[in-house]
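Let's start with one chain on its own, the form predicted on its own, as structure tokens.
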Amino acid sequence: MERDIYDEDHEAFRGLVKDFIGRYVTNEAIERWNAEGEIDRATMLAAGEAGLIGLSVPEEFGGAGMLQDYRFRTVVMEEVIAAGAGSLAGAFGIQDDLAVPYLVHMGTQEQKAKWLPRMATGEVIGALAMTEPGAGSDLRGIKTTAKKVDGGYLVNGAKTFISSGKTADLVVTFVKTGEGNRPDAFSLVLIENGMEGFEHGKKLHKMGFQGHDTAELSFTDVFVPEENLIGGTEGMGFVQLMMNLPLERLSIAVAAAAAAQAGYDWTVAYTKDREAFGERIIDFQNTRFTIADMSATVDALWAYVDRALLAYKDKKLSAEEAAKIKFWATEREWEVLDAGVQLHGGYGYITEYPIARAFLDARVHRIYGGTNEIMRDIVSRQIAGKR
């Protein structure tokens, strides 16, 4: 089914993305990222130069100024994932969907001027640190504290499962600045690489996204100056997180749809080329029926995601709707990719094939950004009128 949400500007931008992929997203590069467990800085700098990151950064701070039109980000995800580079798409997503928005939407003018120009170029890599060893979806259970001292805060605690955590230069960090677990007891602070007491812990080995680093972080009496308090107001951290969650969950849904589309395309191409018992795999009835189901699922998925993209553009995507599309899209992604692996046979189990990498990458989509169980609880509570 033909999609109709893009105009000439988006398609022209798609050409730029494809040009970047042709130059930098090679099989050799993907193998290197997977072997090293991270995206090299040169690639991020090249992406910045090509204008593929920092899309929402205002022009006055060196960005593309595409603040509300998230469709440009969707184009990047579609093309990079279609190239079999899920880890690179993940690195771009952490930069543009998790780190940058807190500065663009909530940062002070001084914070924007200091960090956004270099984040748009890829010189500064950002990360978001919320999850802790003992606190995941229940963020009010965090233990990392920021104690007020003269001129700033002393931060103590630890974070885990932090995407881009090993390579990050700037970490948007969720901390406790008050007593209890009321919303106003939490704040967001910017912790910079090189601050005394801030340690990038071990790089975590994952089943998917092997080319994108995930790490533990630790803070021991890290002095964070007052000017690094996001927005300049203490006690706003929980509210600030809630403000960005619809975008974070929409971005996961978009990545899921892009991966499902890519998986479908790879599977059709493979079954047309591969033969068994003297026939193409696609000529077997079971294969055709499975591919028909995959095709319908992908079409429905894009229709839903595209509607959400337009709602976000018009500032009408609620937290509940974002939660709904996040869990529905990632469940459908899993179904499509699982079917694709099956139709690839033994080759679907080999990580040299993009369908295998996408299958492994997809597993975390139902976990991060809030587990799908939590997403269902959010949606069902809203339906029931229970907060």
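Only a predicted model underlies this, so the values are computations on that prediction, with no experimental measurement involved. Residue numbers here begin at 1 and follow the sequence given.
Heads up, the form predicted in complex with a small molecule isn't pictured, but that's what we're talking about next.
A heavy atom within 4.5 Å of the small molecule in the predicted bound form is found for one listed residue only; from Q95, S187, S163, S87, this is S163. Only one of the listed residues (A253, M77, L103, L128) places a non-hydrogen atom within 4.5 angstroms of the small molecule in the predicted bound form, and that residue is L128. When the small molecule is considered in the predicted bound form, S137 lines it closely, a heavy atom lying within 4.5 Å.
Contact check for E373: a heavy atom falls within 4.5 Å of the small molecule in the predicted bound form. Heavy atoms of T173 never reach within 4.5 Å of the small molecule in the predicted bound form, leaving it off the interface. By the criterion of a heavy atom within 4.5 Å, I367 is counted among the residues contacting the small molecule in the predicted bound form.
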